[in-house]
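In structure tokens, one chain follows: the form predicted on its own.
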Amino acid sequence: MTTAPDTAEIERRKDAARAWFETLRDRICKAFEDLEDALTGEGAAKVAGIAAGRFERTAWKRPGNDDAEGGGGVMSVMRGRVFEKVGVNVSTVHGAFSPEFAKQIPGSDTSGGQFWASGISLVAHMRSPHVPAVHMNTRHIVTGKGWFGGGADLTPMFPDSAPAQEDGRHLHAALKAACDAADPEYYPRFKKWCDEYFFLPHRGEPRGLGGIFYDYLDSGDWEADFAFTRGVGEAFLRAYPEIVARRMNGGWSDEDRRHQLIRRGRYAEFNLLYDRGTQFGLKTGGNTEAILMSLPPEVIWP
């Protein structure tokens, strides 16, 4: 039987998770800025006059109950030559759920609706229609229970093309390796969950080529669950910059760009209608700009 952690241990775990999300943020931002500097060829010619991007960070605070501090976060947003818009946000917030929302969250009944949540959330929308958009987030949430969640998935603009399929296999292989290192049952389970989650019912189509998605991960071994969550972040940091590097230097046509903007509409529809993270952030008093950072900078509906 697993012994419930005491208060000091819970606080240690919170600190470790928060520190990891912030460290991962810094490493991802550095890798993305390096890609901005490395752009050459037709890709560079298409964005002549646009400077290599750099992240701009904006801190925000969440008002808590009775005007007490409720935590906050930092938005890191870059608009550059390779990344038309990318946000890498971290937040650590605490407070109380609304009575209605608390009914949906495990452990709220034993915590009196109190919660603590920390995580990293990333969405990248690219200049080139031939570089896939991507989403990644991982988080640790504590109520009367504690668990991890998150995942990563790829959204190419031309999902049936050979390059996009190759990119999808590359990300999936990295995520599978992270899953297999923790539990060989994770990848098929979390891949299926991702395919089902990132689906637009009103259009009858997936958002992209998938990846993995997991939530409420509490195996009874906190250190193993945390190690797996770190592994997901490491897999993303290895795989996605490699995908960007091999696609970003090519050119594109006006028709490619129009197709990209239409496909981005699907991304916006999912995040506004179905995304759990969007709903969680808005219902817990998060920063609206940080929550809606995932929306593309330009989009059309034909």
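Each residue number is its position in the shown sequence, starting from 1. Nothing here was measured: the structure is a model prediction, and the numbers come from that model.
Not on display, but discussed next: the form predicted together with a further copy of the same chain.
- A residue is said to contact a partner when one of its heavy atoms sits within 4.5 Å of a partner heavy atom; P297 meets this definition for a further copy of the same chain in the model of the complex.
- Using a 4.5 angstroms threshold between heavy atoms, D15 stays clear of a further copy of the same chain in the model of the complex.
- Among residues of the shown chain, W252 is not one whose heavy atoms approach a further copy of the same chain to within 4.5 Å in the model of the complex.
- Although the partner is absent here, K191 lies well away from a further copy of the same chain in the model of the complex, with no heavy atom inside 4.5 Å.
- Contact check at 4.5 Å (heavy atoms) against a further copy of the same chain in the model of the complex: all three of R203, Q279 and E289 pass.
- Only one of the listed residues (A51, A31, A45, L273) places a non-hydrogen atom within 4.5 angstroms of a further copy of the same chain in the model of the complex, and that residue is L273.
- Note on contacts: among K85, R230, H94, H172, the single residue with a heavy atom within 4.5 Å of a further copy of the same chain in the model of the complex is K85.
- Only one segment in the set 127-135, 144-152, 102-110, 195-203 has any non-hydrogen atom within 4.5 angstroms of a further copy of the same chain in the model of the complex, and it is 195-203.
- Shown here without a further copy of the same chain, the chain has no residue in 14-43 lying with a heavy atom within 4.5 Å of that partner in the model of the complex.
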